[in-house]
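Both blocks below hold the same protein chain, though in two forms, and each is given as structure tokens: structure 1 and structure 2.
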Structure 1
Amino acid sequence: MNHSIKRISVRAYGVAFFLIFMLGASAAQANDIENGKKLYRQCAGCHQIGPGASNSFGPQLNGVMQRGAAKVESFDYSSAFNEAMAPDVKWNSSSLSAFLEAPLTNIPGTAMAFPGVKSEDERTSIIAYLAAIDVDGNLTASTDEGAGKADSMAAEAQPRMLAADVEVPTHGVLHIGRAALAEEVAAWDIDVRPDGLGLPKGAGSAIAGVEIYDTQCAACHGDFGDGTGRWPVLAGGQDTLTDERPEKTIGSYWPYLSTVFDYVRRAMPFGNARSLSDDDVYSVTAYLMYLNDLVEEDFVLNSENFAEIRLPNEENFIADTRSKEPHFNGSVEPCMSDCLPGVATISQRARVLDVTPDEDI
């Protein structure tokens, strides 16, 4: 354990050393691009980039600094975005930085439902990365390959520890691993149970949830939780569970409110998980309850009232009763001959074949 901690810091040191002393000015740029590539991950949920990138929720971003703003013909930009862009204007570092800092304030009504990148350094890195990708999606500027070498050289220089010097822990049977620190457990242990176990202290109102939802969720899940395109529907569908096409939502199907809080906190917004504060999660959960007609608009959800709240479909969940079905546990001896009357007739064919090809996929 000690060993690997040492190795990591040696590596970081090695890289820094190499970049500062060997490469001079261009190293900082390479570093920016490397950094920008990492930071770009928060964008990747909506924007593809690289060879063969296509539009997804947002336009693909190959050569976005060269190609001109709002210039991907196959992408349906919002009218707000189109209007904000003068014809043939190109993004430059300062206009893009302003947009990325707060997209929704910079271009009110833009479909880029993303809160923005607050740190200027981070924006600079992201823009350096975007600028380094040409219209074919290839990285033009060289990010530095020597760094890896410096890393392994530095690591080799480190003398190996003597086996007998290793401290053996006392826990368990085989004495492997190390004790987790309380801060480490707190950082990862974010699950919440229906009885409220695991719920962080905090509160949020449905009203505060509106803003969060509209800016960070509605683009995919629809203004009223009705889902855009094939993105999941979050609200409505009450009393449809026995219909031919049931609509399973938080209000119509989910058994526990804790699942909403837990899931939004661990996985949403899609492509930027763990970015909401606990109070924001309370607020957006309260607003999702409102969208499902479960509470009034002045509702405030907090760590005290949370565990008392029941969702309407809770009692309709039952245990696994499959083993009582007749084809289980040897209760039916499979028939070998004349099992069904008459000659078999085809009652249905794969529907795929009956549908005329659709070219606009």
Structure 2
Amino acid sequence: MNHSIKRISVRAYGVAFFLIFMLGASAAQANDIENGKKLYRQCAGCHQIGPGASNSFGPQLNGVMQRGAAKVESFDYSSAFNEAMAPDVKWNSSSLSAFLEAPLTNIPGTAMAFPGVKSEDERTSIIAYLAAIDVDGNLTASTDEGAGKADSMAAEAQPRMLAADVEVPTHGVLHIGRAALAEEVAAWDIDVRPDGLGLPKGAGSAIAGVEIYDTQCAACHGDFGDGTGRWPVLAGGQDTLTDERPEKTIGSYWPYLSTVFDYVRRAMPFGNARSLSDDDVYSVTAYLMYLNDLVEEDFVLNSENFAEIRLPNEENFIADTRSKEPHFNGSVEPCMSDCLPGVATISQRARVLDVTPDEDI
């Protein structure tokens, strides 16, 4: 496959539980900070920052330069991390960059299960941005934006209150609860059917999906959908379903494109689900199609052409008709003995686990 789309390697998915590095206020450093702020969007799923930030999968990172490493008392750091951190440890640019490049190698046993930020320039920018945030979550005057509150990223750290002013009804047995508001129902009603029902309006190209995939997905699913470690493989595997160990990917096994769109929209990226816009999801879905040789690199997926797309393995899936079988019918007494005429035979065997009984059992 000719992957001619230019890839932008932005590998900042899981920035460390601590980031400390003092930088000056030069114009070049301001550029680093601005770039680091963009890269940090991929860290926000685990590490909140800004006014009102709280601990999540990782500790909040406000004022990490001032507080030192492993200094959030309410966060349960791994024993390996605590053992590596002296009470008064202060990180410099060299040691911190080494940790971010390969956390599990730098501190074996750390809970920072992330392959690392391989680009030195990206590590420098991320560190610069974190160093410019004070203990209250405000950007310091060393940036081009000056002092003041952190931007929309910080605002997103604040909890949202839905229907706060809606009066609690007095009806009902327990006199609690209320009818869901239309916007609350809409927030949950996001499933998409294979025929396109439920699709949001929008569009996205495979080209636009490259950067989104690289920044949000590649750390787990590999540069070209080939998987990292035990994370799922998303591309390839064509013509392997009859093999001893088939490669079940979007291009080889999945039946419907709506499954891809719905899952990305609902559950990805890991640790920061529902952070992608609808256009972003269209773009990522289009790019995954491209990685599986289903479309050209200039393909644009939208709510109009979505239902026309067919994945290669769709015809090998059949409708679920179990509700029509006798044992689903409540008026029919279920068979409890001698239900199958003749001798039972083994038609398929379980792989790897050896749980299929022998023929004579």
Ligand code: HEC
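Only the largest set of C-alpha atoms that superpose within 1.5 Å between the two forms is called the rigid core. Residue positions are counted from 1 along structure 1's sequence. Model, not experiment: these values are computed from the prediction.
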Decide which single structure shows the form predicted together with the named molecule, answering 1 or 2. 1
When the two forms are laid on each other by their rigid core, does Phe224 show a Cα shift of 2 Å or more between structure 1 and structure 2? no
Checking Tyr263 here: with the core superposed, does its CA move 2 Å or more between structure 1 and structure 2? no
Post core alignment: Ile126 C-alpha displaced by 2 Å or more between structure 1 and structure 2: yes
Ile318 CA shift between structure 1 and structure 2 in angstrom, with the core used for superposition: 3.0
